[in-house]
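Read the single chain below, which is given as structure tokens and is the form predicted alone.
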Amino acid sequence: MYTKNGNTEDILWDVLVIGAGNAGLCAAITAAEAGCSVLVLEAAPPDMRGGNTRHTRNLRATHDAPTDVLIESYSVAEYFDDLMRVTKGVTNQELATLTLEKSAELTRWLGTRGVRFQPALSGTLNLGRTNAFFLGGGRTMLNSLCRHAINCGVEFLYQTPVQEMQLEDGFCEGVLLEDGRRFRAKKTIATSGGFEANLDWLSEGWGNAAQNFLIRGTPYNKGVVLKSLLARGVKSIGDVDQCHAVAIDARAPQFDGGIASRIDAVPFSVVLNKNGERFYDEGEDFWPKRYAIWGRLVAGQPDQIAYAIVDAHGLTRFMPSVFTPIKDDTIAGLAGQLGLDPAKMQATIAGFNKACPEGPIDQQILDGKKTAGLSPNKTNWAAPIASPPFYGFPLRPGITFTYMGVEVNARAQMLMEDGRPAANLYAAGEIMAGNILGQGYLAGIGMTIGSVFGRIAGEEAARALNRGLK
């Protein structure tokens, strides 16, 4: 490392990390612990730092026996089967297997760097075997890693959005900021997220429907780094219209609503479009394996809106929302409040109720309580919507992060269009998650990908610089 005038931008850093979320911090800490000088550039101000990590709750990790925060066991084989089911095989199986195997190290690695965990809370107990929950949530986890990074000598610069990645034949010669400053490093790790906050880019895959999307995550993920890399010969992975998209409350803000905007009513509800019609099996599988398909499903409906309808019993079966549900003593009255045709909604609910089996449902298992004669049928937890008062949640697609990104290898090196590894460029987190998530989602795996590949990127950058790994 050297400096001409004592200015940060004049230093040739060992490692430059773009993005101060989970993946970036894991990369920065790993490289710093190996003796590298590390600078982290973060587009957001300090109180908004960390991208979508601020909104997370947990990560999904394999384990062979119960731990202090995870019950029973969750094998790599089962984890892999779950991933194949939700992605329908659209994944790089080598990188997926690597991620799942290394997930076993994460709770200990993060724990020794200040992150604390807690058992699954009420309403998330079906994740107690697979997902480790952060004590205090993603923001507390983020703050713990930032403190540790600073203690390791990592330096941070906030409100430093990147304008251009300066590449020459796969070698990153510098990073140009919007304010005109230029930073150089021997190794650069991009962890800056996707392009979910760029509605115009989303429209390239979704058309005008994207203008009705709400963005659950940070407004700072505009895809500038990704677009610059792709324009300079880095190979892309994934499709522009593939993303983590969930059904969130239509009353949520345009940006940064976070996990609080999610509506978990779907498995125990009837979901109607604006025409008062059902359009998909609400009880297809447990919610953690299906919640991330519902944003896409709602996006395919007229005006990109839908409505989850539950009765007094159904309202008790899921985590409450921060948004007060719309309530009425009659189905017709609720329809009027939601702006739906009362006769049509009454007919749909009556037909659904008639098709439900007798007896109680069991929400702890795939209970096989399914409707008969409907298209589509509800295949689990089919209980009549019959006990007043009745409640409705308006739903819109909520985009968390996009899957199209840069292709990487098992060393977290970005690959160029001709297949060769970039000379000094690595990637971790959302910007490369599409290598593993071609479609679909498993609760908590986004954080797992970020942590695993953040560590790999930091290790490989340090190793290439001949720094000793501790």
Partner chain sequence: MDEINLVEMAKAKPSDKRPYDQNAHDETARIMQICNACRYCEGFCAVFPAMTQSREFDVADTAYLANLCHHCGACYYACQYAPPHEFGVNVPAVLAERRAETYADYAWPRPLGQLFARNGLVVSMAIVAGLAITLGLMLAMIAPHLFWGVHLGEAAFYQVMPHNVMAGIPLVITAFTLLAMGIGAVRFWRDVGAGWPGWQGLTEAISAAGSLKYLGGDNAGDGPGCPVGDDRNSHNRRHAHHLTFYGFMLCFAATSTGTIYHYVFGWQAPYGYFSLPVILGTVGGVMLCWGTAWLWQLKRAMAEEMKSLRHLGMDYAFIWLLFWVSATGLALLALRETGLMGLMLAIHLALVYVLFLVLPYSKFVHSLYRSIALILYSVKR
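For clarity, a rigid core is taken as the largest C-alpha set superposing within 1.5 Å between two forms. From a predicted model like this one, the values you see are computed outputs, not experimental measurements. Positions refer to the first chain, counted from 1.
One more form of this protein should be noted, the form predicted together with its partner chain, which is absent from this view; the next part is about it.
Shown alone, this chain has one stretch from 99 to 107, 159 to 167, 282 to 290, 133 to 141 that lies within 4.5 Å of its partner chain in the predicted complex by heavy atoms: 133 to 141. Contact annotation: Arg147 falls within 4.5 Å of its partner chain in the predicted complex, judged by heavy atom distances. Taking the partner from elsewhere, Thr316 is found to have a heavy atom lying within 4.5 Å of its partner chain in the predicted complex. Taking the partner from the other structure, its partner chain in the predicted complex has no heavy atom within 4.5 Å of any heavy atom of Gln93. Heavy atoms of Pro376 never reach within 4.5 Å of its partner chain in the predicted complex, leaving it off the interface.
A heavy atom within 4.5 Å of its partner chain in the predicted complex is found for exactly one of Val322, Ala231, Ala347, Ile365: Val322. Among Lys222, Arg262, Arg278, Arg396, the residue placing a heavy atom within 4.5 Å of its partner chain in the predicted complex is Arg262.
Superposition on the rigid core between this form and the one not shown places the CA atom of Ser73 less than 2 Å from its counterpart. Positional change of Cys152 between this form and the one not shown stays under 2 Å at the C-alpha, relative to the superposed core. After superposition on the rigid core, the Cα of Pro219 moves by less than 2 Å between this form and the one not shown.
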